[in-house]
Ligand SMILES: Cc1ncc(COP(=O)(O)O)c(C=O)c1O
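In the form predicted on its own, a lone chain appears below as structure tokens.
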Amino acid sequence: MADAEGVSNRAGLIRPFIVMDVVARSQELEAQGHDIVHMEIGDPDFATPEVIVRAAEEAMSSGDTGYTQSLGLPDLREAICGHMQSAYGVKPDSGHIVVTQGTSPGMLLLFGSLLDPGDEVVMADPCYPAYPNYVSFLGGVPVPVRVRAEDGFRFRIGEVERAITPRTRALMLNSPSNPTGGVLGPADLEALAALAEKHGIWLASDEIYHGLQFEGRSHSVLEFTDRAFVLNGFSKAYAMTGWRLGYLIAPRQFVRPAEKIQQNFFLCANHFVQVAGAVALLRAQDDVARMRAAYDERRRFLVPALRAMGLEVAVEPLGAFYVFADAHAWGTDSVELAGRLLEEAGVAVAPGADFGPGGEGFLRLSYATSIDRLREGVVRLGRWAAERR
């Protein structure tokens, strides 16, 4: 069915991602000669490590430019298994892995193989907006559970359990989190795994920001249960956003359904990119550590600077490269506020409303940009805040 203007009603289930409108407007302003400090999107400013680039070039020169099997190259899937064992002490079977063109297609495979119309998926509010959009688009029902700044944006287990109904199919996790930078510790993951076992639901864990945790190490949900799906990829920790390479680790009964979706919608990930991905896992860990240290330096600068100008950061973010700052002191409409900061201060940020009702009144500021540009952004924001008093 379509609406009166012929637009698919299903398309109407997708909420706009307003930060992309911020990106578009910032590019218009730059084309007019304005200098914009970009703190709106999570696109690392680092070049992809040289060892990965060289691997892709060699693969292309060797003719690795055709299709692969839809599940992905065996060498890459084995490298993923080895990485899981070295990083988390668990080793999935390579037959449980589907290589994808980024984690976003992986979400389509996950929810497409898991959900029937009317099935519910419990998720945090605020959260990355693709989660509820994918669930709604596929006929499922997103069920938000508020997470709060004072808790480090971690779930309260009792509230999660109260959200579970007979129609609940899965609980969506994301740690380290976009937009909050919050981290679920071992006790959180153990409790959530026990909850899934108790109620017979699945855990769907987006682990794309693993490798970018600043205290301790990241923990995979697979350390606590095999009743889980894992989404991960190369975009963030390896500075490979434009390469579009990710993977889904799924329980065995869901692999063939996910593979069929992949065969029809995407065929396979790019051959030479998969070759480079295997090299990233095997030979680029020093580069990941170098970039993580730089992000940590930026985080340690940005959080106190934001607090000093009147934005509230109740708990320091411990992962990813975002600060989710309470901006109620500057305004309650985060979309309007983000627009004003762009037009009046020349600083692009993401409005908290993008991430759900629980994000209204917040701004997400990315420190996936250089420390010099962050300093300039802070100067501009501070000047703007002082002038409006």
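Not measured: the values here are computed from a predicted model. So that there is no doubt, residue numbering starts at 1 and follows the sequence shown.
One more form of this protein exists, namely the form predicted in complex with this ligand; it is left out here, but the text below deals with it.
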If contact means any heavy atom within 4.5 Å, which of 254-262, 274-282, 201-209, 112-120 contacts this ligand in the predicted complex? 201-209
According to a 4.5 angstroms non-hydrogen atom cut-off, is Leu311 in contact with this ligand in the predicted complex? no
Contact test in the predicted complex: Pro317 vs this ligand, heavy atoms, 4.5 Å: no
Contact test in the predicted complex: Arg292 vs this ligand, heavy atoms, 4.5 Å: no
Taking this ligand as it sits in the predicted complex, is Tyr128 in contact with it (heavy atom to heavy atom, 4.5 Å or less)? yes
Quick check on this chain: which one of Ser218, Ser136, Thr168, Ser104 has a heavy atom within 4.5 Å of this ligand in the predicted complex? Ser104
Contacts from 238-259 to this ligand in the predicted complex (any heavy atom within 4.5 Å), listed N to C, are Arg244
